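Just the one chain here, laid out as structure tokens, in the form predicted on its own.
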């Protein structure tokens, strides 16, 4: 199963358009998680105590962990997140906190190092930006490090279209070119 984590907010999202192009050529059924429709619980002391108790008791079937189980079981993951304020929408950070569960998406070795438990070998991070200043470390770099160092997902790939809102930019042409590259590069697998 391909997990599609949709962090797009706008109905006519350019980022989602790129992600849809990728999803159309990946093999297998996809499950979509629309982050704009999720009200994440407040992470306060009561939440943390409940979460830690459930983890300690091994009650990973609790609804609190449904997103972590889904994330851990996915064969491939596609995250669509527009580039906002040198990063990504806050809902994606909340989601990543929800899926980071010891015993489901990772564990610790006897040396105290994290060891990933996720089935996916590949994650695609799809983004668009109005400008050209898009340092990978501020959005994709964070997700890539989390996937590699915590979840055990070996391959993380950035797919992006940038410069869409610059004066004189032909945003439609930039998007078409990015879609062509997606199809050309990933359609051969």
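Note that the coordinates shown come from a computational prediction; the quantities given were computed from them, not determined experimentally. Positions refer to the first chain, counted from 1.
In what follows, reference is made to the form predicted together with a small molecule, a form of this protein that is not presented.
J.: Taking the small molecule as it sits in the model of the complex, is residue 54 near enough to touch it, meaning that at least one heavy atom pair lies within 4.5 angstroms?
T.: Contact with the small molecule, no.
J.: With the cut-off set at 4.5 Å between non-hydrogen atoms, does residue 130 touch the small molecule in the model of the complex?
T.: Looking in the model of the complex, residue contacts with the small molecule include residue 130, since a heavy atom lies within 4.5 Å.
J.: Can you tell me if residue 10 lies within 4.5 angstroms of the small molecule in the model of the complex, counting non-hydrogen atoms only?
T.: Result yes; residue 10 sits at the interface with the small molecule in the model of the complex.
J.: Indicate whether residue 90 is a 4.5 Å heavy atom neighbour of the small molecule in the model of the complex.
T.: Heavy-atom contact with the small molecule at 4.5 Å: absent for residue 90.
J.: At 4.5 angstroms, heavy atoms only, are 2, 21 and 157 all close to the small molecule in the model of the complex?
T.: Answer is no for this spot.
J.: Only one of 106, 83, 71, 95 gets a heavy atom within 4.5 Å of the small molecule in the model of the complex. Which one?
T.: Looking at 106, 83, 71, 95 one by one, just 83 meets the 4.5 Å heavy-atom criterion.
J.: Work out which of 164, 33, 26, 64 lies within 4.5 Å of the small molecule in the model of the complex, going by heavy atoms.
T.: By the 4.5 Å heavy-atom cutoff, the listed residue in contact is 164.
J.: Among 121-129, 56-64, 147-155, 38-46, which stretch has residues with heavy atoms no more than 4.5 Å from the small molecule in the model of the complex?
T.: Heavy-atom contact with the partner occurs in 121-129.
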